[in-house]
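Form predicted on its own, single chain, as structure tokens, below.
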């Protein structure tokens, strides 16, 4: 069994949907999406666009400046600028495919102020997560337009020939793999998933895809920058893992240590609203290290003074708390950092094509845009805008009519290898790639993962090899960056940007 398409997309989250939508609008036929789940899209709470009628004087130039500054000026300026300049077109793309955003009483678009942004520019829904709205309206419309959706199909390996992409192998419902051929393949499979153990990721984002891309010959970038969401619920049990939106700081929420101090004011006197996530994380970790954290390794957020109507406008968060006996109007919330998203991935050019001809990457599958830290809400913005720009790049590069050749299915699976090695790999990653890193720990992780990669028993299972390779690559990137910058914190090297806080004086 095999299938052939003009364009095959690995993943079915927002980045994949935006890519497929724009390809269809440009007249491309025979587009297919293969995925084992929807990734993080159903959980998207905010998406950033600079619209022409915004009341704050916001501009794409300011948005790009915010992104570059939050990323410690490591991001690719060309990609960041093009992304910022495309925000109106991204907004219009989603609107054309049925996505509706919350509006104020005067019918203007409701904008929230989330971390890392000078101005409010975050669009949302107030009745549900905007990600749920995207999923609900875009998938049926794309199906009606003729885009094929192959659900419960896990992409297990990329197919290459003569250094060019020719498709990928998939396993449907855990069954025997088969090959999917296409002259254009778009990686839209998300970030590093659950490599580090407990995280805010859904289970279908596994993180082995870094290793998969590397084995296909793709260049990778910024792998050391794993994002930690700063305000994730740590108790009570039914709420653990639920992010408290950083937009709550824009609504007036405050962060407190065990002494009741608003500790962020020490480095950011203008207040918590708009503070970059990396700064919030740094200061939380400092308070915990000083013995001023909560019993679960974080701090507290105080929302008690915020109007209940405002709190209810974040229903996914408010309802989950209330349903688990936690009333944000009556008690402080225990929150802390947790692995959340990824700023690294496949290196791409302005067409979102990798160095492997015909292999494109969008959303969290591609790196080089966010640098050392991403602004809140930018995962969804990047997903939309990279999908839009990638689809247009595919037409420019003219790869849709490439000839490809078929080959036998060549995928190895061994459940015994997975059972033996995967728990140990997760422990290695959690130990070496967590909140703080050190040279000795990273060297141990590299040695341990290389040992697994060299083990004939591990070689019997491609998923195990891909996972070990993913962790090995991240650890090597983290070891090579001998500084603390953004989401990468080296205990054995000083901070590369001691004046960082002063860069965010807006």
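Predicted model only: the values in this text are computed from it and were never measured. Residue numbers count along the first chain shown, from 1.
As for the form predicted in complex with a small molecule, it is not shown, yet the points below apply to it.
In the predicted complex, does residue 71 have a heavy atom within 4.5 Å of the small molecule? No, no contact at 4.5 Å.
Wondering, does residue 63 line up within 4.5 Å of the small molecule in the predicted complex on heavy atoms? No, residue 63 sits far enough from the small molecule in the predicted complex that none of its heavy atoms falls within 4.5 Å.
So, residue 389 and the small molecule: in the predicted complex, are they within 4.5 Å at any heavy atom pair? Judged by the heavy-atom cut-off of 4.5 Å, residue 389 is well away from the small molecule in the predicted complex.
With heavy atoms only and a cut-off of 4.5 Å, decide whether residue 445 touches the small molecule in the predicted complex. Heavy-atom contact with the small molecule at 4.5 Å: absent for residue 445.
Only one of these stretches, 247-255, 295-303, 90-98, 147-155, has heavy atoms within 4.5 Å of the small molecule in the predicted complex; which one is it? Of the stretches listed, the one contacting the partner is 147-155.
Non-hydrogen atom within 4.5 Å of the small molecule in the predicted complex for each of 167, 183 and 367: Looking in the predicted complex, the three residues 167, 183 and 367 all stay beyond 4.5 Å of the small molecule (heavy atoms).
I need to confirm a contact call. Of 272, 334, 287, 204, which residue comes within 4.5 Å of the small molecule in the predicted complex, counting heavy atoms only? So the residue touching the small molecule in the predicted complex, by this definition, is 204.
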